[in-house]
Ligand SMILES: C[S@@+](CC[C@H](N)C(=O)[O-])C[C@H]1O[C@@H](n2cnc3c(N)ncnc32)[C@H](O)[C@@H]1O
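Just one chain follows, in the form predicted alone, and it is written as structure tokens.
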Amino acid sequence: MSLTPAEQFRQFAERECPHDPLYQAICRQVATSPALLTLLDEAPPTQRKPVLLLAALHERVLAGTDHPLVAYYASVGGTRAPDAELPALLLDFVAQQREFLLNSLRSRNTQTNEIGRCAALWPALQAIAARRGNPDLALFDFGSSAGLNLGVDAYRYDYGRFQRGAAAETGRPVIQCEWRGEAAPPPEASGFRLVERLGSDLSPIDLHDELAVRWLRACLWPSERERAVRLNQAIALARAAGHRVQASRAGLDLLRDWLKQLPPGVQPVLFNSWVLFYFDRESWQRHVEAVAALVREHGLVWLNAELPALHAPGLARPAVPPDEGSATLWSLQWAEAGELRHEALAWSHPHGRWLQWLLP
């Protein structure tokens, strides 16, 4: 059974942001306010999620709005903790900024483009190269926003007690991730080469458009300043690298064309992370079937990082880690002799804060 809008906000407060007092307080206030809940009616059906309204509010804060509510937002230097005045200030802020908020809700998508997920993407690409016996990979990022995850091989990774590949370099993001389990992470040498890379998105973020970049920053949570620093570093690297991201509203047509022009001897990889979450059930089913056809026809490997229910049929889903209800499951799909094969690679935090590797 689908949740009501109020239930979505209450659940988000309880499960998705238990360590973020501001977003907890805002979500709980929205859940009790019909005037605030109806704002999301302006968004496309697949985007009617708490994160979209939270990002729209944050964008107005980052825009320099003069209002007492901004004192709660660490992203602009605010230090005020949620208190009894927050609900009234939130309602006043929304009334003042209503037209701007509605415009964002109608036209924007949540595009976190969280490079923390590269802490799982990096070893996943190593696993693909090892299993396919081919270090030369071509990466297609489906739903790539600004394409920042295409720079996975330019970042550095700190897996806590293992401390592999985390040497600080000027301008390079260091992604910290708690590596859970006994198996060690891959060695510092990547084990793969990205020969080709391309991103696809309904509404790509132009990294040279400051308003668009502000929306990207607004999709981050205001209390997580380390993520903001990391994002700014990734943006600078992406601008310099010029990784391509193309707009595509025709499903997987861009992927089909891209597969046909790849150089011989390259292993193509389709990657998506927290994209299918926005599909309705029928769209998800069509997508899974279309990807399966491309896996069989082109030797594509599908690297899928989504909630467990959004993985392809045939995958033996491992047990969700305790107390991690919104964990991301990472899985592979490939073909052998025309038959689909599936493998679960890892569990991770939605933003890559921890990773539980499932392979030996």
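Note that residue numbering begins at 1 and tracks the sequence as displayed. A quick note: this is a predicted structure, and the numbers were derived from the prediction, not measured.
A second form of this protein, the form predicted in complex with this ligand, is not displayed here; the remarks below concern that form.
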item	value
Answer option from Val174, Leu202, Ala130, Ala183, heavy atom within 4.5 Å of this ligand in the predicted complex	Leu202
Contacting member of Phe93, Phe142, Tyr159, Tyr72, with respect to this ligand in the predicted complex [4.5 Å, heavy atom]	Phe142
Heavy atom distance at most 4.5 Å to this ligand in the predicted complex, all of Glu114, Asn149 and Val275	yes
Candidate stretches 103-111, 85-93, 72-80, 151-159 - the one whose heavy atoms come within 4.5 Å of this ligand in the predicted complex	103-111
Heavy atom of Trp284 within 4.5 Å of this ligand in the predicted complex	no
